[in-house]
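One chain comes next, on its own, written as structure tokens: the form predicted on its own.
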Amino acid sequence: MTSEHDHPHPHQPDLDDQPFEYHQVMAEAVGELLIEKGVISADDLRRTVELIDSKSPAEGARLVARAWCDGDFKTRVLADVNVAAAELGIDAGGIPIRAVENTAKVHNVICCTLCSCYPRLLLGLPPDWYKARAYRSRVVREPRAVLAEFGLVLPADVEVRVHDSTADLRYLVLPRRPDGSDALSEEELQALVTRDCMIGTAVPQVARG
């Protein structure tokens, strides 16, 4: 039998080409143990992974847009993201999520220095760069330089705060509502909130016509 694909292909590394890191090994071991003990089934685990994989930043953007429009809701977001999300019918999961608010004088950015802890049910899967060792280490040591590489240059009088997400606590940046957005509806505001805005490597922008 001959193959129609007789031209060379670049090597596509398999996930298993790289050795598992500590937390990957632990996650797999815990999953296998829970299945073995009958706490969950393999199908339960598969459906949970499928649910997480299906998420996008849209839920987080909806949360932010509502906070911009409703001061009381914003207060509840800053007090407890998970509870506030439930008001909108959003399941943010059982791991606590803390919102950190950007202001005129403070800009927040999140990372996970150990692996890739991230509010996935609100933001979807983390981007590859968030998991990269270079980002995880450099954003702590030189956050302004890293943000500049994303195209975000902050004034010198703005304090940059870096928050390290963990297995027990995740962070979500509540970005500042951009100037010129007063006439926009909540749905239009939601469209301004990108994934990177909620990580802190970008800020919302109003399109200039």
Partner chain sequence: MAAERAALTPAWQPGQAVRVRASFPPGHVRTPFYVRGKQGVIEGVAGVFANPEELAYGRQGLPRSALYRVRFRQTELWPDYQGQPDDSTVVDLYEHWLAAEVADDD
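Here the structure is a predicted model, which is why all the values come from computation and not from measurement. Numbering follows the first chain given and starts at 1.
Just so it is clear, the following notes concern the form predicted together with the partner chain, a form of the same protein that is not shown.
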Legend entry - Proximity of residue 68 to the partner chain in the predicted complex, heavy atoms at 4.5 Å: no
Inset, instruction - With heavy atoms only and a cut-off of 4.5 Å, decide whether residue 82 touches the partner chain in the predicted complex. - result: no
Legend entry - Residue contact check: residue 115 to the partner chain in the predicted complex, 4.5 Å heavy atom: yes
Inset, instruction - May I ask you to state whether residue 42 is within 4.5 Å of the partner chain in the predicted complex, using heavy atom distances? - result: no
Inset, instruction - Work out which of the listed stretches, 139 to 147, 56 to 64, 31 to 39, 175 to 183, brings a heavy atom within 4.5 angstroms of the partner chain in the predicted complex. - result: 139 to 147
Legend entry - Heavy atom within 4.5 Å of the partner chain in the predicted complex - residue from 131, 120, 76, 98: 98
Inset, instruction - Within 4.5 Å of the partner chain in the predicted complex, which residues of 157 to 183 have a heavy atom? Give them in sequence order, or say none. - result: 158, 159, 160, 161, 162, 163, 164, 165, 166, 167, 168, 169, 171
